[in-house]
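Next up: just one chain, as structure tokens, the form predicted on its own.
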Amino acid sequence: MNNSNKKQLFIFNTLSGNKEAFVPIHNDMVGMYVCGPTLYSEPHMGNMRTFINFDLIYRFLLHSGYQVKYVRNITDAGHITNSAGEQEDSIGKAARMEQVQPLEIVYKYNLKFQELNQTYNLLPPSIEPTATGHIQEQIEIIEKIIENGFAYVKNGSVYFDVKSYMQSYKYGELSGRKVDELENETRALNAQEEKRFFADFALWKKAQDNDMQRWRSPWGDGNPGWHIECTAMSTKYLGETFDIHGGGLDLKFPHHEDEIAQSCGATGKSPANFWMHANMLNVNGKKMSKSLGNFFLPKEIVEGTSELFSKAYSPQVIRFFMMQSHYRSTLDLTEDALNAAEKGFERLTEAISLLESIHVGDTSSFSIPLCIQGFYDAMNDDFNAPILVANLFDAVKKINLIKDNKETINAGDKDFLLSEMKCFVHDVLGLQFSSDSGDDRLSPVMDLVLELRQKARTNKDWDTSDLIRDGLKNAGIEVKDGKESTSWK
């Protein structure tokens, strides 16, 4: 990265509700924790949007020169709290339905998740810890919370004492939820009578007879609560307070709210300085849901097996489509929008290829540094990928004007622009071009074929010229004749 382009990064902090200047705790080192998948089923496209957005954030932090320790957990144990507040061992439920052991369910869906990471070109995190690998750490944190007077034991289960906590801390500061409002949303739950207060939540649950997963603890055999897992793993690898905690918007309450309570209850410190939340994905104008018939898996749209779309789409096109909406905005996925993204991605890749071979002059008729500064300014403004994409297309317009001899560029500026566009497209947006895997070897062959075709055109042998063009088209190669040259893709 050019140091002259490195300016102040601002991040929207959910905790304050404002954009704040980002200053890492440890100079140029960043600790970032993102809540990963729960391995009881395949991740859906909304999950992947979250992971793709945080991959973008991770990539730009790296590009900006930060050393990033990126921790993304795997939830492979525990009771998952759904929107109604009920507690359910989702992994155990899936294992019973498929008549296998929980470990088989976890292994099966972790393989699928890792395959999706490769398909959608996500960089691997620095550490990918599992909940089952950190049971002891969870127990130790629970013991600290009990010792500090913010939790109690009841019938072999341990509950966080929200009323006691509220005497020293504010509960609901992240989500803006008020405890008296929560009571109206709460319905009768299993073991609700064990709680001292309706808003108390489980840190450890006593094992039931049908539980397929269970661990020993000072309070008896049982399972960790969902929230305590992330508290244990994030603080173990990043410290009691770290820079960024991220996840989907649906995790803001109760999951992230309870993580703050647990950390404060155990150490007296809030776990993260910045809380970031990626917004939801809609499909055809509605929230993605099986009941609405607009649900599909990330692999189905790539394979062309989803009934919602008339064709398959490249994972790079899907990723590019997602970059055209800010991570904090809702995104509506439709076939028309994907088709538009496909054309836009094609224009972008063609422009970069064109820039590599374009003729240079003695001067540049527009400011290359200013153009490139726009790339950095967009991303430094809370990772604003849509503005970055818009600025990239402004550069595409300039490249096409240079091709048509309406603008000029010198050799140094050409190399600078090409290098930075490739960095932002490949390294920051994480987009891969098809030319990266095969077209380079095909280029010498195509040069020869197009030379033969040009000779045929010069000799007015239109039959041979059309035969070559049509044959290439049938092979998936499109030939475009320009005023001064012929290009292919």
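Keep in mind it's a predicted model, so treat the numbers as computed, not measured. We number the residues from 1 along the sequence you see. Superpose the two forms; the largest set of C-alphas matching within 1.5 Å is the rigid core.
Keep in mind that the form predicted together with a small molecule is not shown, yet the notes after this line are about it.
K.L.:
So in the predicted bound form, does any heavy atom of T38 sit within 4.5 Å of the small molecule?
P.N.:
So T38 counts as contacting the small molecule.
K.L.:
Looking in the predicted bound form, any heavy atom of A199 within 4.5 Å of the small molecule?
P.N.:
So A199 does not count as contacting the small molecule.
K.L.:
How about L338 - does it come within 4.5 Å of the small molecule in the predicted bound form, if we only consider non-hydrogen atoms?
P.N.:
Close contact is absent here: in the predicted bound form, L338 is far from the small molecule, nothing within 4.5 Å, heavy atoms only.
K.L.:
Spell out, yes or no, whether the shortest heavy atom distance between E194 and the small molecule in the predicted bound form is within 4.5 Å.
P.N.:
E194: no contact with the small molecule in the predicted bound form.
K.L.:
Looking at heavy atoms inside 4.5 Å, which stretch does the small molecule contact in the predicted bound form, given the options 50-58, 23-31, 453-461, 416-424?
P.N.:
Flagged stretch: 50-58.
K.L.:
Let me know the one among G222, P129, G247, P125 whose heavy atoms come within 4.5 Å of the small molecule in the predicted bound form, would you?
P.N.:
Exactly one residue meets the criterion: G247.
K.L.:
Though the small molecule is not shown, can you say which of N279, N148, T334, S365 has a heavy atom within 4.5 Å of it in the predicted bound form?
P.N.:
So the residue touching the small molecule in the predicted bound form, by this definition, is N279.
K.L.:
So with the core overlaid, does the Cα of N294 end up 2 Å or more away between the shown form and the other one?
P.N.:
Indeed, N294 is displaced by 2 Å or more.
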